[in-house]
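Shown here is one chain on its own, the form predicted alone, set out as structure tokens.
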């Protein structure tokens, strides 16, 4: 039995539907993320799980029990907020022990459990420190420890890394996954940051306009997007509009609006036919870049010239333009010596396979 289930949850504010008929099942001990842009409904959904908002329809069950009418403090869940809400007038140990004290846990038991959780989050010996003496990452761990010491069945995390600087955020992604694995607690995590969701999660639900567009593993969402919205939101992509020129079974030839012919392979269930408008997605890292035409068996092969080099260390990109069609193409900059002197105007040879394209009819899953 899943530790948490939602069935047809809906929440409206006047004439605006924030959460629209959402269902989900979260397995015990898993890291489940809800990913989507601002305003998609993910925070409203999280607040309903916590009991801070009441659904208009549908049901929430935790450990098989309906949460309808159950107050937030009576639910077997705890929540970590973006701004942590730590008490500055209390020590680290005092913050962590706060919930236990509210539950009238005996002092000896409180001290033992606080000591254990501090050690498990890597803060042993920090119990007497003030909150302002800790780094941002350490404060993050205190906020999580304050929840985990209560042994919740589910821990809800509302964009908890949003206030951290980039380098610390990258570090804390690994830390959060490590902590979740160590404690075995079910984490439900909401974020607009695709990297956070992909790095940490066992399952990800991509949310758009109050609905789940697709639910799957990070690999499923990245390599097999189920809609144009998911393809455009998860990871970087070349996104081209075009029209189907030819279709033979799963083999589809598309001509983009800029005139570039592209061979694609339709996924199961794709209904587009000749003359239909489509959106075509090709990831920058799927495109092979060469200084000389190396031949090969890829269905798509063309020449292009460098417009701009976007240097960002290991994530550097090349903005290219194909001469015959004027189609702009984004590719990854290869980090090998022969590309070190590359500059605007230089010619490159590109290739990619038809199965590396994602294809959707216009208007489907936007």
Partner chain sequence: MKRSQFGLGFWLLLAPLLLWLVLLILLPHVDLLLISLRLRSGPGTYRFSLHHYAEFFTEPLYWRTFLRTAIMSLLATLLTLLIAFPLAYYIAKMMRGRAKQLLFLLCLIPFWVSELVRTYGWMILLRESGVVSGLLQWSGLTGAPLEMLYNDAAIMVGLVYTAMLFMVVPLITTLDSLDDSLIEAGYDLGGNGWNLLWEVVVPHAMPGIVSGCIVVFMLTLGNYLTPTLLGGKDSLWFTEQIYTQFITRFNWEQGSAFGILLLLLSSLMVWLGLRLSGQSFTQVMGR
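Positions refer to the first chain, counted from 1. Since the structure is predicted, the reported quantities are computational estimates derived from the model, not experimental observations.
Keep in mind that the form predicted together with the partner chain is not shown, yet the notes after this line are about it.
- Taking the partner from the other structure, the partner chain in the predicted bound form has no heavy atom within 4.5 Å of any heavy atom of residue 137.
- Put simply, residue 52 is close to the partner chain in the predicted bound form: some heavy atom of it is within 4.5 Å.
- At a distance threshold of 4.5 angstroms between non-hydrogen atoms, residue 238 is out of contact with the partner chain in the predicted bound form.
- Although the partner is absent from this view, residue 102 contacts the partner chain in the predicted bound form, with a non-hydrogen atom inside 4.5 angstroms.
- This chain is displayed alone, yet in the predicted bound form one of 198, 150, 286, 277 has a heavy atom within 4.5 Å of the partner chain; that residue is 150.
- Taking a 4.5 Å heavy atom cutoff to the partner chain in the predicted bound form, the contact residue among 219, 246, 181, 73 is 73.
- Figure note: of the listed segments 253-261, 202-210, 78-86, 170-178, the one touching the partner chain in the predicted bound form, with heavy atoms no more than 4.5 Å away, is 78-86.
- Across the proposed site, 11, 42 and 231 without exception lack any heavy atom within 4.5 Å of the partner chain in the predicted bound form.
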